[in-house]
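Just the one chain here, laid out as structure tokens, in the form predicted alone.
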């Protein structure tokens, strides 16, 4: 008889992830039987600010792909008891919840109970705005805030599930909290059971980036080969009450789960292996072990935890002027020299008061620097098919447009043979961090009232 195992699958690792990924995960969870959940992690640091801007301009403030992500799996999850937890609420969790309720009604599962987690949006009330203004932001803000959100922990998610929610919609929460919440709900772990909270947080950390742990970010042909990368399977964690767990992936999919893929993801975005700070626990991974226990199955053990920080981190996004961009291609004999001349022309015509950066894609770009030192000193082979990219940071839209327009003018004014110009101008969002006292913040959930049941 199988021990009490709770399975959690990943349905998305970022906004824009593959839309066909959740289906095989849900199929695998249902086939395995037993309690389970699927998580959708769709928020990046700037995604919330973009969602706020979209909402202010009359658009939706939630994950743009929400319908396409959930429609294929929602009814099957509800009918088979697979709980859904997602931060796809972004800037408007209540709006996202109402949309999910509409989808559920269309699919004949209008009885689904949907909970909304609140408390992360610091611009939502005068009290939390005053709280934000009472602490220091780093770097100091030099623009108007457009979003300020706390990284909440797992407690409100667990409480919503305790209350009977089938679906939990959040805004900004710490990514691993999406998995820790259902684990605490299912196993009844205490909120000071640090080692189990650490194990659940580590499992969430391994799931939060979707296919990265099942070979996606790992693939490097000839060095680290990954089978059937075009059909890579998203991961599933199988957790037991003692905090031991196994990472595997959706059945019948490509990719691979090996000790190497798991180790890479364990270290992803971890600055201090002995003290990875989260809202729920301080995770220590220095004693973690991994072991291959079957095809695409890796057991993980040894996570340790310490009491959570007394402060919660907030990301503050604020207006940072405008960004104008332009690109133009040069190909054939002497193409790199013509591209360098194009950049020299652009540098002499940038509107005053603007910062800028120029790259030559095909010579140096990713390794380049804002000051252009690497490009100036680059004496490597000249490519015969290159693309000039100019980025202009301007205090106002008109200056950004003028910078981008200079790239377009290269068609006739610049070096010979330029083509394929693309330009764009958009608002620029800067970010800062702040830390607020935990006791001053209230994370809570409400159950959506629907008329579809």
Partner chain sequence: MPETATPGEPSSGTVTVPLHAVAHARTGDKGNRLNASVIAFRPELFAPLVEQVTEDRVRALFAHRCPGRISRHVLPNLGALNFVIDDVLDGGVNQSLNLDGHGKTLSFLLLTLTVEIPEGLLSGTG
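Model, not experiment: these values are computed from the prediction. Residue numbers count along the first chain shown, from 1.
One more form of this protein exists, namely the form predicted together with the partner chain; it is left out here, but the text below deals with it.
With the partner left out here, the partner chain still marks one of 26-34, 416-424, 384-392, 57-65 in the predicted bound form; by a 4.5 Å heavy atom cut-off that stretch is 384-392. Only one of the listed residues (376, 220, 344, 228) places a non-hydrogen atom within 4.5 angstroms of the partner chain in the predicted bound form, and that residue is 220. Comment: the partner chain is not present in this chain, but in the predicted bound form one of 128, 248, 212, 253 has a heavy atom within 4.5 Å of it, namely 212.
Under a 4.5 angstroms non-hydrogen atom cutoff, the partner chain in the predicted bound form has residue 355 among its neighbouring residues. Heavy atoms of residue 119 never reach within 4.5 Å of the partner chain in the predicted bound form, leaving it off the interface. In the predicted bound form, no heavy atom of residue 145 sits within 4.5 Å of the partner chain.
In the predicted bound form, the partner chain sits beyond 4.5 Å of every heavy atom of residue 133. Shown here without the partner chain, the chain has 260, 263, 264, 265 in 245-265 lying with a heavy atom within 4.5 Å of that partner in the predicted bound form.
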